[in-house]
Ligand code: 3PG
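Okay, here we've got a single chain as structure tokens, the form predicted on its own, with questions on binding and movement later.
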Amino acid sequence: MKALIADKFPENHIQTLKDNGIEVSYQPKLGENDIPGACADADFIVVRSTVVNAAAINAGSSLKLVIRAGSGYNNIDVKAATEKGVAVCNTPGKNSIAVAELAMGLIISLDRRIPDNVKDFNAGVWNKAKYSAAEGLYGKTLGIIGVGNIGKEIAQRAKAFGMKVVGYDVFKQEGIGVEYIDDVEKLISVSDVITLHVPANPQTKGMFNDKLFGIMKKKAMLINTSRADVIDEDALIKAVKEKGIQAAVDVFKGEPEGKDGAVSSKLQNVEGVYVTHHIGASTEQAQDAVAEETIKIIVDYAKNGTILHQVNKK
């Protein structure tokens, strides 16, 4: 059997696949339009952020599994895969710690305006009075929308900072120090910091709009390390300018598919908005955990025919 790995993947884990009798085609620089020409004889396609479209799925004559090395899978055409009888799998929970660490880093960065401090210093500007006006996180209320694996990790870290943690989710995890609020608008109204951890689907697309920004406290923070479609970016910019909302996002609309090059976004140079390079899961610890689970999915299928973490079961 053959695996096409179309994103960066640890070399030692590639060797593990080979040791288990899997032929590996490692092409981490492939883009969406390159995969159809590279997967004709692949049994498995492995990607992180690269799009696997219908053309790629239909080009794979022996394709059995498309594996998203991560939790979300909106970059894979699940409908086309299901129609062809191809299983789509993910590795849920394996990058939760890394994303939680970034979310907390963004919260601290907004409160202390760390990027602006560094930018001014490098430009020869000393403005201690301006940057000594942080409110601090102790005693603040953190609202988590989507209390899954990542939300649970964030709750643990926020409580270590002395924050009160409230959460909104249909499925409630108990014993993690989160006070659940069943009305998302109420949660937003009482939170000093809001962090989003919801999937991209028709129900969540544009969910954070003018109405929800209008409910937020003045100068409250919004963190998004989930999916770009969850936030109406025009509404965000308006709230930042009119209500003093602060925002930090790891995802944004029009994000480049490639790993380097030029970038353009309406969020650029908006004071009060920090944007990172979609690096939430990009730690060695997370990638190692994700890779291990990806290998397990492939090897279990190759040896036993079992499918782990399938998201398109009929």
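Residue numbers here begin at 1 and follow the sequence given. Bear in mind that the values here come from a model prediction, so they are computed numbers and not experimental data.
Beyond what is shown, the protein has a form predicted together with the ligand; the following relates to that form.
The ligand in the model of the complex is not approached by Q246, whose heavy atoms all lie more than 4.5 angstroms from it. In the model of the complex, N224 stays away from the ligand, with no heavy atom inside 4.5 Å. Taking non-hydrogen atoms only, G72 approaches the ligand to within 4.5 angstroms in the model of the complex. Although the partner is absent here, R48 lies within 4.5 Å of the ligand in the model of the complex, judged by heavy atoms. Every residue of the trio R68, H278 and A281 has some heavy atom no more than 4.5 Å from the ligand in the model of the complex. Heavy atoms within 4.5 Å of the ligand in the model of the complex are found in exactly one of 265-273, 281-289, 59-67, 34-42, that being 281-289. With contact defined as any non-hydrogen atom lying within 4.5 angstroms of the ligand in the model of the complex, N95 is the only contacting residue in 85-124.
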